[in-house]
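Take a look at this single chain, the form predicted on its own, given in structure tokens.
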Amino acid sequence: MRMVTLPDGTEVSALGQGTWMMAERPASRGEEIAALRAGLDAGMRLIDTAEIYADGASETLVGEALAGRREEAYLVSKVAPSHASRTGTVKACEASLKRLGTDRLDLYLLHWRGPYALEETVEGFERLVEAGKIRAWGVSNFDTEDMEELLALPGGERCATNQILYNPDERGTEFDLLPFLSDRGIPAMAYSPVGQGGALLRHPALERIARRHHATPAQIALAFALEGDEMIAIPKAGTVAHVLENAKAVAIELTQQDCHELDAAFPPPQRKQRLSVI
């Protein structure tokens, strides 16, 4: 598994596991837990969840999947903006830890900007670091201007990552946000790297490139997201077969021809674009 280095020197797997929309169907629970464990076995040791996913049930499911294997995982969760005050951030984290069945998170993110000043959230994060309840913190769905404001705050330079929507059909961040993060040594974390609903994976360009690599369109989309040395991708997979398919994407090296075809099908941005969020 290729690794990505966070600003504090911690190395994490470039390909991780997302859990958005997990724990929403009781009949799938056992299969989803097996999928997360298979991902650990395959080296996809970064697992991302959030307190709002399935109203906390996703965290509970992740905790069950990590029973007896907590030390193998790099565990990420997120605080909802409505909880992200100085004290609310701490309380939300403590509730997440209880659902996850662990005493600390490896990384804790602000899910998106909300009603509280960033200073408050950062102070909450720093209190959690001091208490040993989180090892690092970061943000999600922050545009360039948001990152500039964050990094100007006392302690803001300790932001470990920015989790953003990124896939072949969502490349707007390539114009300014991704270069901004790269210049400051802050890796991005791509959510929905294979899109939503399957439309992206039916695109003729992805299908054509996949055939050349004896791969699937989803694997090509993941290979695209993992092209840079400073990008982490967290696809969600609810079955063991899907997880193992994702894991094979790290071995795919896109050719110059592949990249030209992807650029033709999904043109890179030529100007600043509004940050896409789902």
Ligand code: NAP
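Keep in mind it's a predicted model, so treat the numbers as computed, not measured. The first residue of the shown sequence is 1; numbering continues from there.
The protein also exists as the form predicted in complex with this ligand; that form is not presented, and the subsequent description refers to it.
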property: Contact flag, L153 vs this ligand in the predicted bound form, heavy atom cut 4.5 Å; result: no
property: 4.5 Å heavy atom contact, H242 and this ligand in the predicted bound form; result: yes
property: Non-hydrogen atom contact V129 with this ligand in the predicted bound form at 4.5 angstroms; result: no
property: Any non-hydrogen atom of V194 within 4.5 angstroms of this ligand in the predicted bound form; result: yes
property: Option from 118-126, 140-148, 82-90, 173-181 whose residues, in the predicted bound form, bring a heavy atom within 4.5 Å of this ligand; result: 140-148
property: A210, I234, A223, M231 - the one with a heavy atom within 4.5 Å of this ligand in the predicted bound form; result: I234
property: The unique member of L36, A218, L61, V250 whose heavy atoms fall within 4.5 Å of this ligand in the predicted bound form; result: A218
property: Stretch 28-63 - residues with a heavy atom within 4.5 Å of this ligand in the predicted bound form; result: D48, Y53
